[in-house]
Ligand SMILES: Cc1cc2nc3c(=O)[nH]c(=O)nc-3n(C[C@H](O)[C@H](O)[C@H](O)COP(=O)(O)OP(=O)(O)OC[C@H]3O[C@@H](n4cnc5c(N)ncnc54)[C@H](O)[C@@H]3O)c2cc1C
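Taking the form predicted on its own, here's one chain by itself in structure tokens.
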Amino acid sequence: MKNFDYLEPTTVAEACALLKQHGSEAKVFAGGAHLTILMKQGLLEPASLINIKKIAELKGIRFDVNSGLTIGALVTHRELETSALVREKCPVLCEAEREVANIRVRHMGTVGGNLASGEPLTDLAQIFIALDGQVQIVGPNGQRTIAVEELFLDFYTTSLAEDELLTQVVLPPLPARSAIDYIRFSSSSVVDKPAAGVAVRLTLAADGTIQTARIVLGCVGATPVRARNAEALLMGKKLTGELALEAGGIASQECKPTSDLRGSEQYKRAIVKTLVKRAASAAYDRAK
């Protein structure tokens, strides 16, 4: 690696000031699971590295009955996986995190870094989107809150400005008769990045018909994809095996997978079709 200045702010305000001062020449360092790989490969050569690990306000997991579950940007994958509070309020996250990479990566990688990197082959983003999650972002001009869905623009590209910092993720409480299921599929090994990951969240009316549907596809495009046509198909209906399969077929045409070592475009579309059917059926049964 080339030499770089090492900066260590202790507050969000200080970190934002440093980002504004150094501009595009600076990169934020949290766990380093993504950044250090790119630096070692020579794909990134920042003049300044801003380590935010000592900023206490970016840590911790909290729950409020009104706002829901708040996850600090510096919370690691391992903390999310083992948190008793997360297991009680949002167990799908604990289940998903158990399959993320390996134990060493989960101890180092952070939730905020995972999102801010714009990594397309990941698991958390589609779950957060299916839960109508929001991220809080702080910069020199103050704080703003956006939907997690609005964070992603393209491959490794987000809507974060150069002088902004992602501070936390907020997941609102689920309405009654709601459930979510997430299924990832890796074509090579359990610790490899997924070839596809599907999150389905359903909220049912009192008569068992689907009142709200979220179908989010990951790893099959530049960004996570809401399968809105498949969601619309489910609205106002009771789920059957045939309906779930039809929704899966529609969803498989709403993404843009690329052929690579993890599978061809056609293969990935077939996987998405199957995963949507299975996840929708599981979420429906739990919601009932």
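None of the values given here were measured: they were computed from a predicted structure. Sequential numbering from 1, following the sequence displayed.
One more form of this protein, predicted in complex with the named molecule, exists but is not displayed; see below.
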Using a 4.5 Å heavy atom cut-off, which stretch among 78-86, 110-118, 205-213, 170-178 contacts the named molecule in the predicted complex? 110-118
Has each of Gly32, Val105 and Pro194 got a heavy atom lying within 4.5 angstroms of the named molecule in the predicted complex? yes
From the list Cys90, Leu131, Val148, Leu165, which entry has a heavy atom within 4.5 Å of the named molecule in the predicted complex? Leu165
Does any part of Arg201 reach within 4.5 Å of the named molecule in the predicted complex? Heavy atoms only, please. no
Would Ala56 count as a contact of the named molecule in the predicted complex, using a 4.5 angstroms cut-off between non-hydrogen atoms? no
Partner contact for Arg226 in the predicted complex: the named molecule, 4.5 angstroms, heavy atom: no
Would Ile61 count as touching the named molecule in the predicted complex under a 4.5 Å heavy atom rule? no
Would you mind checking 49-76 for residues with a heavy atom within 4.5 Å of the named molecule in the predicted complex? Ile52, Ala73
